[in-house]
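Quick setup: one chain, the form predicted alone, written in structure tokens, and binding and motion questions come after.
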């Protein structure tokens, strides 16, 4: 049976990327990560990928004369990799609509809230966790969903709830949610790849 392939998109430290790679190395995921696409040349995810002999591509829309050229470059990389699944792991740029259409139900994202709460353009990272604290939410969590043309609006695949106490800060909530992301994301990837 041919080994399934994952391409990951990340913008920052890549902790979910690392969690997925480690799960794949332990054979907890029936696939290997063959490439990391990153829009930020200083992202910690790149260092990890290079240390583990994973192909890296630094490509940002700002580096191209127009969106069409950028999309063509992304298309070329994805053609070469032929991924079974594209996984967004803290990737802050919007995936071009044409790529989303070309890979229906093959692009997933994890978001640090219980969508649809605190989702959409501009909602990411600590902005989400501060809003949870400021609004005195009793629970938050993380959501894995399919990527569509609209930010954070694709069909939900799975979510995990995380309780919020009166003593919590945005930082403690962020840490609790991230721990759950590292558990949930590999599980969802395993489920999706085992059922395709």
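Bear in mind that the values here come from a model prediction, so they are computed numbers and not experimental data. Residue numbers count along the first chain shown, from 1.
Only in words, not in the display: the form predicted together with a small molecule, which the text now covers.
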> Should residue 178 be classed as touching the small molecule in the predicted complex when contacts are defined as heavy atoms within 4.5 Å?
Replying inline: yes
> in the predicted complex, does residue 186 have a heavy atom within 4.5 Å of the small molecule?
Replying inline: no
> residue 90: heavy atom within 4.5 Å of the small molecule in the predicted complex?
Replying inline: yes
> residue 110 near the small molecule in the predicted complex, any heavy atom under 4.5 Å?
Replying inline: yes
